Every structure is written in structure tokens, then in C-alpha cells.
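Coming up is one lone chain in C-alpha cells, specifically the form predicted on its own.
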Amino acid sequence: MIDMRLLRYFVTVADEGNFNRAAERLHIAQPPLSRAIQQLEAQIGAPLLDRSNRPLRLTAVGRLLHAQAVQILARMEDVETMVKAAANSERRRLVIGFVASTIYARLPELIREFRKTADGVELVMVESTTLDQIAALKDGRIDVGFGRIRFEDPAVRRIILRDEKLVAAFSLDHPLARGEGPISLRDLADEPQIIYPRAPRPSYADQVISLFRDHAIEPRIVHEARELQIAIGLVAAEEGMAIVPESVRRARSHDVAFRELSELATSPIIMSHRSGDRSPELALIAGVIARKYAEWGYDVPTALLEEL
């Protein structure tokens, strides 16, 4: 691995075109600077400077390394700035990743309650797929994730908060929109289906496809939308129908009709966090969810209470 100090020395020499001026700028003597550049060239395995020219010129390898070294050093400065800012900040921070459909599933109400409860905690919201959340949790880019896809990873703990009922969504003028009572999946076998998201997979789209196939029905998919809002917009535009979480009906009842399904069909709302995380911010969000769920009449998962 190349020493950052050597990269910094090399960039300075390249910028100055002269060892003496570079040494003055770095506040070191010229001989150790020359030895440092020779050490870097030995590590690279090729000359970086054409010493026969005045001012010094970069070789082809030197030009390549210089372009990369400038970017690396700039990124290191950014990291140092961010780390210092975080170290000097007295505010605690919680970064939450969420899939779009959880916005309908009362996530905004939970976030408002958290802001009221967690005085002094900076809250950051990041929209991301469930699979992206797993990587982000392991990398430390988010602290909590709300998604819908079941997965297994020893580094991440998942808690199923509740299973949300699925419903069929139709355009207002669709013949099936005017029926009474629940509708069977078999009645939807020939209907053009709009699924989402298109990528990445596996996703909620695969949950819907599996729902049909579990009942020996091959869905007739006509659109794979990028996300929920586009799918619902296509339904309203009479491009097809969609199977969506029940909470969506609260937001789009003005231009889309919904009917319950005869078959038991649900999609989980899953809260995920790093295994072993015992931070006070995690306990706070768990406490808010437990309190609000009890208020709304939902069952409070035992696993959630273990986080308090």
C-alpha cells in the first residue's frame, strides 16, 4: 500500500517542477524529499519524473499516478473534515433508510413522534431499497432500515413490525372496481398487471408474482414500474391493475379504486439494524414504534420490546 505521505510529496514535486521549491513548501530538507520520491518509484516499479528536464517533467506513469493521487488526497481531506465535524458536534445522529411504500404505512407519523421525543438527535432520511439497506447498515451509512423483503444476514437483525394486508387497485372506470366485497386472485388471472419495482430484484414485485403462482396462476405482466408512485399512476391511467399494500388506499382513493382480496395476502414491514447495536437512538426509535403501535391497536412485536 502506498504511503499517503509519499503521495503528498510526489504531488508537491510535480506541481512545483523543482525539488528545492517543493522541499520549502513541505518544510523539509531536499535530500530526504529526493529519497522519498525514489522510494515511491521503487514501490511503483517505474520512474515517475524525467530528471533530465528543467523544470522536472512527469513520465507517462507519473502523469497517471499524479491524476489519481490528486483525487485520493482530495478525498482524504474531505474525510478528515467530515470526521472532525462529527467529533466536534454534540448532536447525536440517526440515519434511517426506507422503501417508498413504507411512507404510506404510517412511517411519517412515527418520524414526527421521534423528532418530538428525541431532543438533540439529528435525523436523516434516505430512500433506498431493502437490499441496499443491508449493505448500508453493514457499512455504517444508515443506522435503521424499513423495508419489505425478508433476508438473512448474520450482521443485520430484522424485526417484522407487522404484516400489512394487500389489496387490488383498479382505475375508477374498470369493471372490477365497481364490484362488492372481496375479489379472488382467480378473477384477476387475465387482468394486465403492473408490478414494481423494476429493479433491483428480489423485491416487492417478486412477492406479488409469488402470490399468484402460489395459487397456480401466471400473472399477465404488462408493466414493470420503477417505483410505487409510477405504478399507481399507470393504474389510474387505465394501463392495468396492481396489487398494493392496503395503506396506499389512504393516499390515492381520489383516482384509484381498491378492493380487498379473498385470499390471505400480506407484505411485511420490516425494521432492520446492525446486530449488537445498543445505541440510545435505536432504543428511542423502538420505543416510539412500540408506543404508537399500541395507540393504533397494532400488536407490538416482542422482538421490538427487546430493543428498549
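Each residue number is its position in the shown sequence, starting from 1. Just so it is clear, the model here is predicted, and its values are computed rather than measured. We call the rigid core whatever largest set of C-alpha positions still superposes within 1.5 Å between the two forms.
One more form of this protein should be noted, the form predicted in complex with the DNA, which is absent from this view; the next part is about it.
Looking at 237 to 245, 48 to 56, 66 to 74, 258 to 266, which one sits within 4.5 Å of the DNA in the model of the complex if you count heavy atoms only? It is the stretch 48 to 56.
Does the 4.5 Å heavy atom contact test between residue 275 and the DNA in the model of the complex come out positive? Answer no; every heavy atom of residue 275 is more than 4.5 Å from the DNA in the model of the complex.
May I ask you to state whether residue 31 is within 4.5 Å of the DNA in the model of the complex, using heavy atom distances? Yes, residue 31 is a contact residue.
Answer yes if any heavy atom of residue 298 is within 4.5 Å of a heavy atom of the DNA in the model of the complex; otherwise answer no. The answer is no: residue 298 has no heavy atom within 4.5 Å of the DNA.
Tell me, yes or no, whether residue 18 is in contact with the DNA in the model of the complex, where a contact means a heavy atom of each within 4.5 Å. Taking the distances in the model of the complex, the answer for residue 18 is yes, it comes within 4.5 Å of the DNA.
Are all three of 5, 27 and 38 close to the DNA in the model of the complex, meaning a heavy atom of each within 4.5 Å? Yes, because 5, 27 and 38 each have a heavy atom that approaches the DNA to within 4.5 Å in the model of the complex.
Rigid core aligned, does the Cα position of residue 14 differ by 2 Å or more between the shown form and the other one? After core superposition, the C-alpha of residue 14 moves 2 Å or more between the shown form and the other one.
Is there a C-alpha shift of 2 Å or more at residue 280 between the shown form and the other one once the rigid core is superposed? Residue 280: C-alpha displaced by less than 2 Å between the shown form and the other one.
Taking the rigid core as the frame, does residue 23 move its C-alpha by 2 Å or more between the shown form and the other one? Yes; that C-alpha moves by at least 2 Å between the shown form and the other one.
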